[in-house]
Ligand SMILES: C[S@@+](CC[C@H](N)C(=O)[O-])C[C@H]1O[C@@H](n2cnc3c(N)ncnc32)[C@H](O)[C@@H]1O
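Okay, here we've got a single chain as structure tokens, the form predicted alone, with questions on binding and movement later.
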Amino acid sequence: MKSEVCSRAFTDIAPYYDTLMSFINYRGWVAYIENILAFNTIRGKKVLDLACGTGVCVLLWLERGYDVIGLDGSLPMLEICRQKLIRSAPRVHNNVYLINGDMRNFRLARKVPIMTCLYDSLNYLLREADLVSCFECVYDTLSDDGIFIFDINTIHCLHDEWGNQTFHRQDGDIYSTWTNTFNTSTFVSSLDLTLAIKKDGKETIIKEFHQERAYPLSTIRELLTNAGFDCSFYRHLTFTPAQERDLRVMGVATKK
């Protein structure tokens, strides 16, 4: 049995991440983003996907004929992405580039027209200063007519949907326990995640600790505006203006 010492987020969980997230309609997300690109007449075909993780969206962008740069802070997650590319997209390996980097501090040699940051990734930035650094890097890396598309969990989601609750799930051979606690002073949700994986008659236990912070939409708007962006917020996967009572919000930012 594996040690039950808690691991850093997105390390030991990496080989099992896609199974845990198999309910997410990533294809629908990418199709929605392409609608945003069309509405904003973005014609470039190069995407920088911040916090690309195991590369599900990287592969979807490649399918659609885009050149893709994937950046992530977790080497184990990037390794899963690399293995997928070898298996699934050998003919387009020259159209993708993976970077192990920090989305609070990155630079590219050339600017890109499209940047994305999906599935709670911005919520993992626990200080406003971290968001500022990220938005400044995005601004510097986007072409003048470029666009930044992201999602973020709201305070309502972390406080009311997750709250101080424990959830249990069974995904194939993986039994997972999700224990959430919400700090009403800091708006930080802490997650103790435990996986019990049964294979070949043996059980492996993996524990990881995750934290997300929710920000008022007014704060996100202010920080983006200060970084040089115009921005709009929509209810997840719609073009309905977002509200604080939504669970997940999509943000669209363009340079002023």
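From 1 onward, residues are counted along the sequence shown. It should be emphasised that the depicted structure is a prediction, and the values quoted were computed from it without experimental measurement.
There is another form of the same protein, the form predicted together with this ligand; it is not shown, and what comes next is about it.
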Margin query: Only one of Y66, Y26, F187, F229 gets a heavy atom within 4.5 Å of this ligand in the predicted bound form. Which one?
Written below: Y26
Next item on the list: Using heavy atoms only and a 4.5 Å cut-off, determine which of W162, Y119, Y139, W178 is in contact with this ligand in the predicted bound form.
Entry: Y119
Item checked: Proximity to this ligand in the predicted bound form (heavy atom, within 4.5 Å), stretch among 140-148, 107-115, 73-81, 162-170 -> 73-81
Note to self: For a quick test of understanding: in the predicted bound form, does each of V132, P216 and G251 have a heavy atom within 4.5 Å of this ligand?
What the structure shows: no
Check: Hey, in the predicted bound form, does M103 get a heavy atom within 4.5 angstroms of this ligand?
Finding: yes
Check: Does at least one non-hydrogen atom of A51 fall within 4.5 angstroms of this ligand in the predicted bound form?
Finding: yes
Notebook entry, point to check: Would Y17 count as a contact of this ligand in the predicted bound form, using a 4.5 angstroms cut-off between non-hydrogen atoms?
Noted result: yes
Checklist line | Exercise: I152 in contact with this ligand in the predicted bound form, heavy atom 4.5 Å | finding: no
